[in-house]
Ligand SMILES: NC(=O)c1ccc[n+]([C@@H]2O[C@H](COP(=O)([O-])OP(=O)(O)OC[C@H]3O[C@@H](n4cnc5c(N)ncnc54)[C@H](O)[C@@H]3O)[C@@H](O)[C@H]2O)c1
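Below, in structure tokens: the form predicted alone, a single chain.
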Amino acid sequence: MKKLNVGLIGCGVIGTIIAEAIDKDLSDRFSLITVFDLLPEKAQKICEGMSYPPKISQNFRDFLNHPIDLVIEAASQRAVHMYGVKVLESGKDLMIMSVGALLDDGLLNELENVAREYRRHIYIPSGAIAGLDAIKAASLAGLSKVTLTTTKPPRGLKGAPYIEQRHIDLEKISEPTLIYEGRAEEAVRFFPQNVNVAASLSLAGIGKEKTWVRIIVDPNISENIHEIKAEGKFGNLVCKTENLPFPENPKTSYLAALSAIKTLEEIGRELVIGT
């Protein structure tokens, strides 16, 4: 069976988990042939200890010159803006982890148009929340209200633009505190590393302007908690996910990386069926 050649953009925690999965559990269907990160030391670290270490691309042009079938973006919303269209134009499929970037209508439309023109696929893993299939189904009958409440410990929100701009001292918060409430399209800009799940939920349901996001800081918890509440002609839905964060990066939930690996498994299954 022909293997798919994979290129990885972003060598942080999520990228590392994905790379390890390809190297060990998915090596019969995928080959990670190159990685690219703006910090070369991260790219170097991700290759250490791998059975089949990929080549380290020194720049994005070098990265695209490799014979890649699928590019996995695990870097940032900015990376999706910078590289997404170019990846598709180069004849490669694209998996997007930083889904918040897709709430930019201009970028989303351009990615969709280029994907159609070049007959490429765009894959969007479910990320760190459950219930998206139910939201998609419910949207067919009509959704009237969708709310995402995200609760995180202080360190999980450290460095977010919203926190920095408003000079919020997270260390002084001693009880569960609502620090943000607003539309999903604003939330993904204010918290680009924290609520990509809001974008996934918006795309699955009633859109970025009608999807409501609440962010709570709770110093008494260690999990990243996402609770979805939806109302519509189908009835009511409540779905709660309590995610364990990565110790190295508390902004990110382990489930997000697992969702990417599961998406790869599904792509690999299609390869088997197609042979």
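Computed from a prediction, not measured in an experiment: that's the story for all the values here. All residue numbers refer to positions in the sequence shown, first residue = 1.
Below, we turn to the form predicted in complex with this ligand, even though it does not appear here.
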Any non-hydrogen atom of A128 within 4.5 angstroms of this ligand in the predicted bound form
yes
My question is simply whether M82 lines the interface with this ligand in the predicted bound form - judged by any non-hydrogen atom within 4.5 Å.
yes
How about K45: is it within 4.5 Å of this ligand in the predicted bound form, going by heavy atoms?
no
4.5 Å heavy atom contact, P192 and this ligand in the predicted bound form
yes
From V71, I135, M97, L157: within 4.5 Å of this ligand in the predicted bound form by heavy atoms is M97
Where, among 174-182, 135-143, 157-165, 82-90, do residues come within 4.5 Å of this ligand in the predicted bound form by heavy atom distance?
82-90
Contact set, 5-38 vs this ligand in the predicted bound form - heavy atom within 4.5 angstroms:
I9, G10, C11, G12, V13, I14, G15, F36, D37, L38
